[in-house]
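To begin, one chain is listed below as C-alpha cells, in the form predicted alone.
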C-alpha cells in the first residue's frame, strides 16, 4: 500500500511515497511543494536503512566483560529506573540529564521536555539544535520578537528577482531547494557569499568570498553603503522599526575599504552588491520581483553568530523587506525537525509554545495542562556545549539519557565530549543503529525509524507536516513515546504520559496555546486531509483543505512584528576579537571551515550505512587551494594531517582553485581520525551558546608515515 509521508533527512521535508508491499520497500518522490517530486541521493536511498542488517532489535546492556549484550525490555526499563534513583539520591535531581535532537518528531520533542522536568525533576535538558539554529533564533527573537526560520512559504522564493544567500550550500545539503532559486538566477540576481566556490556558488551570478570568520564585517560594510549613499528605505524604517540612529552610529566606521582589508572582498564588490540589493528592493516595492536575504550555518555557527545574523537582519530592514510582499529575511533550517524541535520544550530555557521557562505566566499555563503545581517545574538548565563538557565533573550530570544525537562526532572539541561521556556513571542511548555515541553507552535502547512511526514535523517554513507509518517495526523495537511513558510510570511521575502520538499532539496543542508558537488550532484530521498549516495557528483558526490554499500564518509580520509595539528592532552590533587558543596562534596556520557533502547527512550514522552513498564519499577529503598545497609540498590525492591544540585529523587532499588560499574545508560526517570536530574549539556565542564550528586555526601538512 502506498503511504504519503516525508523524507527523514533535512528540514526541506521533501514529499515521498513509500510502498511497503515491495521488497525492498519502494520509495519515490511525491509532488510536494518543497521538492516538486524531486529528491536528492540521500532521499532516494533512505528506504535502504529500514531493513539494514545493522539495525538494533533488542536492548543492549554492557556486561562485566565490557561488551554489549541483548537483554529484555523489562530488564532495560528496570535498569534505567534503578540508575536514575541511585544517581539522584547520591547527587541530586540535576545529576541526571537528557539530550534531545532536532530530528525528533514534535510529539517526541514535547514529551522529552515534559519527561525531564516532571518524571526526572531535572533542569538539565538541551538538544543538538543548539548546534544548528540557536544563533539565528536568538537574532530573530531580538529583531522580530519571534523566531521562525522562513517567515514566509518557501514557494515565495519562486518569484524572487534577487536573493543574497549567506553561508549555505543548498545545492549539496538540500538539492531540491535549488528549484526555488531559479527565478533569481534567470533574473541575474543570485548572490552567494562563501569562502569557497561551492556547488551553490557555481550557480550564482555573483560569488563573494570573504575570509572565514569575517561575515559580520562584510554585512556591516554592505549596510554602511546603504546609509552612506542614502539607499535605505527610510519610509519603511520610520513606520516599522526602532533604532536607526544607534545603528547609523555603529556603522559609521565600516567603509568598504576598511572591510576589504579584513574580509578580502574588494571594496568595489561591496559597493556594487549593496547598490544591486537597493535597486532591486526599490523595484520590488513598485511591483517588481521580490528580494530575499537568507542565512545558513556558514555564518551562524560562530562565536559571533547571533551578531552576524543580527547584521543580516539589519541589512534586510534597511532595504525595507521583512513583513512585506517585496521580499523578506529568513534562515534555512538544517535538521529535519530543526524548527519544531526548538518550540516544544527540549531546550534548556524553554517550555512548549516557545515560552520562556522563567516566565511565571508561562509556567502557570503549562503546569495547568500538565496538572501539576508550577513550583515543581525546574528552572532553566544549561546549554548543550556546557552540559556535555561538564558531564561527570563536580556539579555536572552523572547520568545521561541521549535521544537522536551522536555528539561523539557532532559536538565541538569532540575529544573533550568523548572523555566527558566516559566520566559518566551511566549512559543510556536511544537509537536505531549503534552510533559512535551508542557504542560508548552502558545501555542502548532500540527505537523506531521514521517509516515506522506516526507524528508531525515542522519544516523550514513553519509548516506542520504529517509523518505516517508505512510499515510495522521489527519485533523488539519500541516507540520513544512508549519508552518515556513506561519510564514515567515507573518513576511515579506526578502526571500522566501518553504513548499515542495523536493524544500527545493534542496535549502539545493545549500546552502551546497562547504561546509564540501556538499549535492549538492544528489537528491530525486536517493535516491528513491535506491542509497546509503554518504556525502560529490558534484554536478556532479556519483550516482549509483545498489544494493550494494555506491556513494558520503562512506569512508573518505583514501587519506588525511580534514585539508588543509591533515594530522590529535594529540591533547595533560590534565585532569582537576572535576567541582563539594562544597555542593556535602559530605561524603557518590557516582557517578550517567545515560542512556537509551531497552524499552524507550530519554525523553520518545513517548515510554511511547506505552502500551507494558510502562508495561515492567513503572518507574525508580536505579541499585545499593548489597554491596552498604547493607551499606545503602537498599533491592532489595525498594524505594530509590537520592539527591544532584540540586534536588531529587525517584526510586526503583534494586540490580546488575555488577555495580561498587561507582556507581548508573538511566535511564533518566521518568518525575517528577523520572527525573534523576534533579540531573545533570551546568558544561559544554569548547570546545563543552556539559553538564556533566554522572557523578553527589549523596547521596543514603532508602525512608522513614511518615504518
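Note that the coordinates shown come from a computational prediction; the quantities given were computed from them, not determined experimentally. Numbering follows the first chain given and starts at 1.
Another form exists, predicted in complex with a small molecule; not displayed. Remarks below refer to it.
Heavy atoms of residue 104 reach within 4.5 Å of the small molecule in the model of the complex, making it an interface residue. Within this chain, residue 276 is remote from the site of the small molecule in the model of the complex, having no heavy atom within 4.5 Å. In the model of the complex, the small molecule lies farther than 4.5 Å from every heavy atom of residue 251. The small molecule is not shown here, but in the model of the complex it comes within 4.5 Å of a heavy atom of residue 598. Judged against the small molecule in the model of the complex with a 4.5 angstroms heavy atom cut-off, the residues 135, 148 and 461 are out of contact without exception.
For the residues 217, 551, 260, 594, the 4.5 Å heavy atom test against the small molecule in the model of the complex is passed only by 594. Proximity to the small molecule in the model of the complex, taken as a non-hydrogen atom within 4.5 angstroms, holds for one residue of 455, 256, 404, 140, which is 404. Residues placing heavy atoms within 4.5 Å of the small molecule in the model of the complex fall in a single listed stretch, namely 294 to 302, out of 311 to 319, 558 to 566, 363 to 371, 294 to 302.
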